[in-house]
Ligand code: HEC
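Before any questions on how it binds or moves, here is one chain, the form predicted alone, in structure tokens.
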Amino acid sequence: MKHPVTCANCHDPVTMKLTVVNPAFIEAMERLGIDVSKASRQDMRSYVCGQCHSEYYFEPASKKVVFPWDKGYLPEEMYSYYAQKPAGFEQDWVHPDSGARMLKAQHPDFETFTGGVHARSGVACADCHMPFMRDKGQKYSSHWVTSPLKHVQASCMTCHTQDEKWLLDRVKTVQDNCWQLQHIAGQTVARAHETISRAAAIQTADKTRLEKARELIRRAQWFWDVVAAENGMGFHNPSQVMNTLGRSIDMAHQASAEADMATGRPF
């Protein structure tokens, strides 16, 4: 009972059926045209996870929790939503070097997973992270919520026919590739912040170009952070994650170029 998540976070205390208790998740899904109360049991095996493992922000005046999904789950769709300054929300913080108004991604596991091959194949979060087990003839869903790699036989090999080593190698390859590109993106974003800082220190710098550079680095870091703050290290949606990191790197380079041009230095 010392754990912050208890039975009632996912189960109706009377019927023990799966239920969503987070108002922000319910409201966000309603805005997308989805009635959570009518969801299938398989969908609920993801929704009970997604109600917490998602991106959110606090409305400035009310401090109400809101999920930014009105335009969709993709990084660019959530960014487009934030660009409208919903309920007056403009930023989570201001970067001390570049002066850019930044967004901080929380843990967008549900958003990333939703567009991946597993979700589109009907697999739920719980199928991998809380797989079915058997004990003395009884079937139950494991409540040791952990990495599927801890129990590959139960979490992966009920669907996949490849051997365990092949599956483990596949996961590790995806995650290694993701980490390498995430590191490159992070370093590129950091250098762009420094470039903007140096440009802003020059009094004759073009203010319009500086603001464009700040907008580009705001976007670049958001794209990086959507991956960095997510727990799958690329595996929840490999193609989307690699695309997101590649675009982050590109926008960070563009930000540096704009900052250089703001000072009259050739690109």
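Bear in mind that the values here come from a model prediction, so they are computed numbers and not experimental data. In case it trips you up, residue 1 is the first one in the sequence shown, and so on.
The protein also exists as the form predicted together with ligand HEC; that form is not presented, and the subsequent description refers to it.
At a distance of at most 4.5 angstroms from ligand HEC in the predicted bound form, none of the three residues Arg101, Ser197 and His253 contributes a non-hydrogen atom.
Contact annotation for His129: at least one heavy atom lies within 4.5 Å of ligand HEC in the predicted bound form. Proximity of Asn243 to ligand HEC in the predicted bound form: non-hydrogen atoms within 4.5 Å are absent; the residue sits far from the partner.
Contact check for Lys207: every heavy atom lies farther than 4.5 Å from ligand HEC in the predicted bound form. Although the partner is absent from this view, Cys156 contacts ligand HEC in the predicted bound form, with a non-hydrogen atom inside 4.5 angstroms. Between ligand HEC and the residues Lys150, His183, Arg134, Lys85, the one pair within 4.5 Å by heavy atoms in the predicted bound form involves Lys150. Partner contact region in the predicted bound form: 142 to 150, out of 72 to 80, 183 to 191, 142 to 150, 91 to 99, criterion any non-hydrogen atom within 4.5 Å of ligand HEC. Residues of 210 to 242 placing a heavy atom within 4.5 Å of ligand HEC in the predicted bound form, in sequence order: Asn231, Gly232, Phe235, His236, Pro238.
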